[in-house]
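Presented as structure tokens, the chain that follows is alone, the form predicted on its own.
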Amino acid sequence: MRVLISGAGPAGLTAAYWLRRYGFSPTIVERAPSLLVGGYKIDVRGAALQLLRHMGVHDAVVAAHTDMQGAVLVDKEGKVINRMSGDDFGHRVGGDVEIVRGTLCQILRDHLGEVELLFGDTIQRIGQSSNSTEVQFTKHGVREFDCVIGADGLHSNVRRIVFGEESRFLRDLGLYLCVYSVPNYLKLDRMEIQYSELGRIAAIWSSRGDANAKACFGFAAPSLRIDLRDRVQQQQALRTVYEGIGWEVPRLLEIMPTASDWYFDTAAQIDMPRWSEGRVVLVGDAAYCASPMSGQGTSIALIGAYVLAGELAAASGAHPRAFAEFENVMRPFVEANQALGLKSAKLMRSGERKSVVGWLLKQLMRIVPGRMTEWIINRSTERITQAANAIRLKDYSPFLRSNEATTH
């Protein structure tokens, strides 16, 4: 069975790994010219850690973790108001692992085996018949596959082609996120420094093995409509939103135009009534993005890819049955994790509401900002831990190819 996967991120690479082990023939198409390395920090938690062990990559992921030593919370003048361990600040408990996204992707690719990879190409059209899908590529012409998996992120091309415009499924959380590299002029050694208030966060961190540091901004702006294709407009929005904040913010904004890498996006979720249409199915952020506000995007992407591949194997490639069971297994888990993102976004925007709760939160953040921020972080950790373990992984090992079963 030939399966095309769009996207060489954590979900796409994981789906390809398991499909190959079940005897399918996966092909990955990725618009980037090569595997994307670097990027921002992500976490793998709860049930997803068990999955890494099943794949035989857990030790490699742990060995490559960011090794963040701590976090320093400051006020808008740069005065230290609290210090936390790296794990406490990152909501990590037990064996939870933080790793740079590109490093995780490289580890997954290194364990992928013989899978066809089409870099620097995109899907233009997907036609479906009762027997196959016909895919028109930008560079590789027309090819036939038995199924197509869209693992191509929040702004999924496959979803747009098959299911319709993004606006039909996008749940905007009223927040924007920005990350870019800056020189490590503060000489940070696996440390993060953050200024936070209701509606605005600014941070700088260095992770292990990175010569540079990363600047990060997150802000509530429900009334702003920022063009996600216009970096100049995005940069001007940051200058406007963060005007009046001292600490390192002015310098980070001064460096901003020269940054070689640039991530700017809305914090949003994807809410779809169905994740499949005929022989096409979505997984990861393309199907059910929970947003970075959940702290669980990578984990539910990895688990979703595992379940999808496993259900295709269990159904002997009968896609209608496999896709239905994939949704049946994943829906409750996804909903629990999307609820995390909604709660975090609501808290971030609470300063806008003219309510007693909103007023009280603002006063507490002003009077005891360090303690208040720590309380918010600890409360979020409890919710994330519960949601990260809100699924029991099914055992699909009986469907491994005979020469693969001994290594499972």
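Numbering starts at 1 and follows the sequence shown. Since the model is a prediction, treat every value here as computed from it, not as a measurement.
There is also a form predicted together with a small molecule; it is not shown, and the following applies to it.
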Contact of Gln235 with the small molecule in the predicted bound form (heavy atom, 4.5 Å): no
With the cut-off set at 4.5 Å between non-hydrogen atoms, does Leu308 touch the small molecule in the predicted bound form? no
Does the small molecule come within 4.5 Å of any heavy atom of Ala64 in the predicted bound form? no
Should Val3 be counted as a contact of the small molecule in the predicted bound form, where contact means heavy atoms within 4.5 Å? no
Using a 4.5 Å heavy atom cut-off, which stretch among 125 to 133, 288 to 296, 207 to 215, 309 to 317 contacts the small molecule in the predicted bound form? 288 to 296
Which pick from Asn82, Ser196, Ser181, Asn157 sits with a heavy atom within 4.5 Å of the small molecule in the predicted bound form? Asn157
Would you check whether the small molecule, in the predicted bound form, lies within 4.5 angstroms of a non-hydrogen atom from each of Ala8, Val29 and Gly153? yes
